[in-house]
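Same chain, two versions here, written out as structure tokens and called structure 1 and structure 2.
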Structure 1
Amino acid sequence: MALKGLDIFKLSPKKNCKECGSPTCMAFSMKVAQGAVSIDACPYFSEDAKAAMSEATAPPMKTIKVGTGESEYTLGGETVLFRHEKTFVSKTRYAVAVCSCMDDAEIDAKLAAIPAVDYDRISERMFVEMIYVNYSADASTEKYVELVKKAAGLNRVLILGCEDPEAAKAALAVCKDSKPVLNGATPANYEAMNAVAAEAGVVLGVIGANNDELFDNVAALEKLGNKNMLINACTDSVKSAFATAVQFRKAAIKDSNRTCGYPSIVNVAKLAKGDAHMQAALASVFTMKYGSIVVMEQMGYAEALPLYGMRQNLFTDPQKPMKVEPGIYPINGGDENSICLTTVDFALTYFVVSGELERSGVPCNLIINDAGGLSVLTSWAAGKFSSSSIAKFFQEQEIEGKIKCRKLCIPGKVAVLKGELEAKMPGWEIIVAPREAVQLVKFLKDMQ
């Protein structure tokens, strides 16, 4: 939250000595408030005043780091409630849950399924970044530690779901270097858990039965000096989980309530145990509404494909369209004699279309137009993907000199361009391709 000039003036030395280059302390304070000069330009601000100011200007929501090396993730640090105000900065991360209450076969099956989902979508790797390892009091600490070791083998960030300080200590002894999260500080055990987390140097997850208890528990841990925490959305009902996720984020950002300003964990595996479709729905809800980590019972392709796509959309910068360079992209060893297809320079469109072309195995040239980084129909509606713009682009890029084949496939959604293109690009055979890229494989194979 930005400090007002008047607030800074109240803390200023009020000497009006001009050493800072400003005529008065008041003028200086105003400039500091605007970010025009640094507070350090005045030699006389007291340390206490500076400390008070840095506290007041600290971001409303803490940035917390978990994991190490390639598996290090930043959580939180958000400054707004809605993405059109400013880009959301820390993506929601997904965890799959295992438990020491499961038998070995179940555990092995769960762990084996985790790496199965791993793919690229527009230059972003999509996979399960975390594993939630739940401790059950009904199983021994040894079994829990073995499970933690096994899970650690997958090189994901571990979240130790454990409310027993002794078991937590034993588990941390085998994994603390990978900077896991210790998730289990309740109002009953928070002092002991705080000591365990502090000793291992890991982030502590805080739990409360309801928002009041959660808030008090965070405050109590802050009093013990801990600022390295995650908060758990309540798990008694979907409604209260939603209330924690939204209300804490709102209180931190709107009301500068710093005790609420920690990233969150939402355990949808608990909220909708055994109901995979409901978990998919909730994962979507809590990606949209402020979950920093979402824990699920499983993450297969069915859940993942829409979820990761949604996350990628939500966390893009509203100011920057995702574009690719216009030009000729040979695919499957395409050369000057290979068939041409054309589309727009919107990164998503390129990604989808080139993926299907690769899958077809047919050598071809994908010609990407300069269409302002918009999708096919959007750019067509905006006049940026028209017969004139395509013909002009082909001329500018001297495509006819580079490619001998004169067959050009256009996206089915702009089939209306066929006639005009034939008129503007003599010599070319204009072929209307299917509407959806997914139909390209069959289309190209049938054509051969």
Structure 2
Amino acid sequence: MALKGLDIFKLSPKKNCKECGSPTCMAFSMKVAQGAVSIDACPYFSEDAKAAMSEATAPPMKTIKVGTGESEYTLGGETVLFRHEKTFVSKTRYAVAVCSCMDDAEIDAKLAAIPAVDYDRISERMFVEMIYVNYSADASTEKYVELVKKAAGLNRVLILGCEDPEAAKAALAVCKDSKPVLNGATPANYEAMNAVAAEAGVVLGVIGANNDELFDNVAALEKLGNKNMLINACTDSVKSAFATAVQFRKAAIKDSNRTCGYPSIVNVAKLAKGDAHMQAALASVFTMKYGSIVVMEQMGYAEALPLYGMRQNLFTDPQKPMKVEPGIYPINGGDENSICLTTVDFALTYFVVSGELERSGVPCNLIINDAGGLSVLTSWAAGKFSSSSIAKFFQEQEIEGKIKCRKLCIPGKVAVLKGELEAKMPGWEIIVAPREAVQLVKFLKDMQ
């Protein structure tokens, strides 16, 4: 049962030092009880007090780490069912599946296609983070180990889909230092698989034929002392997989059932084998409800562009706007004599506009105003992107002292600001740019 703020306050040092960022120890204790801050933010809590509270104040979902170095990812740690309640904290990771049952040419083609999807969107790298390496009883253990070696060469987190303890042990011998996931603890082999995972120090994926069997299997592994696990959603139907993902998350967060509180793997490659379109649709569903890792047969740009875009929108803090730093951004070698364009600091607006400006090849200066992280029309309606705010921003940033060109293009959606800006910024020629960013290329080339 979670501790209340008053219970935590009784264990606090009661110094009111403000070093934690809260005005009093009572305020800090209330934030800890709500899950808003970690108990570690206070440097004066005794170790005994921390130990007494650690289990009670931990997130209802266990936080699991997989991989190492730059490829280390955090899974789980969620505290809410819906993003708008607070925020989701650990984004869904995507894996592409390969199998030792494939021939060498198919394996090589599959692995070669994985690095093909790799791009940046709003300062975030979008790529396939994991590889699901499946063991087939029809192929030898030696072939499986060789496949694991090949997959490890791509520097992705590996998920070893293997229910044979001996084959799993052989595969881990060549990749355990990269902290892969060993996925294959069933009711029939969980003791042996637990021993293999514990010896290698890796996360263990738990499998069950249905939710009851899955729950019992997790509980049995917990009795063995293992709390470093992932739960596999059932794969006999989409309905059962969805039920597993939702019911286990709900039981963990709403009912405080910590046995259900582990991150999940959803294998849509099995749920919709051979159907790339259905797999893409299911991947989007389980990104929202509630796959920590989603396994697919392939990940090309057709799947990645909408899927990663949705993930990026979903796994942002709704209480914090996505914004870039206001200032002058030279594009295509723009200098003090280059034409100026201005827009808001909403991150998506910046990246869309800057991308089109780069595509034009025209040297220019993109001046980003402080608009509270809102879009053009929203910030204009809220008074954060007005003639007064733009003129004030130019004055505060001393734009006129940094740029000699006196041509300023404003977004076409706020063309109404043209007259007001000309009055408040004498000497500047205000030009109304197109309404849509995609039209900027032709617009700038025509101006030249």
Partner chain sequence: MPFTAKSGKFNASINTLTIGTGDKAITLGGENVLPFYTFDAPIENAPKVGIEITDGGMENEPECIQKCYEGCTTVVDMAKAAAAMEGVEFLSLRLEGGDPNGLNKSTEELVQIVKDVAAAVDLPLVVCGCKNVEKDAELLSKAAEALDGRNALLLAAKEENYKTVGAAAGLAYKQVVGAESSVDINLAKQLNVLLSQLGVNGQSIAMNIGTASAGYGFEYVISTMDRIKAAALSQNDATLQMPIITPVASEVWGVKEAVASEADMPEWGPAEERGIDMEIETAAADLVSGSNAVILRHPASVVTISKLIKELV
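Whichever C-alpha set is largest while still superposing within 1.5 Å between the two forms counts as the rigid core. Residue 1 is the first residue of structure 1, and the numbers go on in sequence order from there. All values reported here derive from a predicted model rather than from experimental measurement.
The form predicted on its own corresponds to structure 2; structure 1 is the other form. Once the rigid core is used as the reference frame, the Cα position of D345 differs between structure 1 and structure 2 by 2 Å or more. Core-aligned CA deviation for G372 between structure 1 and structure 2: 2 Å or greater. Core-superposed comparison between structure 1 and structure 2: the CA of T68 stays below a 2 Å shift. Taking the core as reference, the Cα of P363 moves 2.6 angstrom between structure 1 and structure 2.
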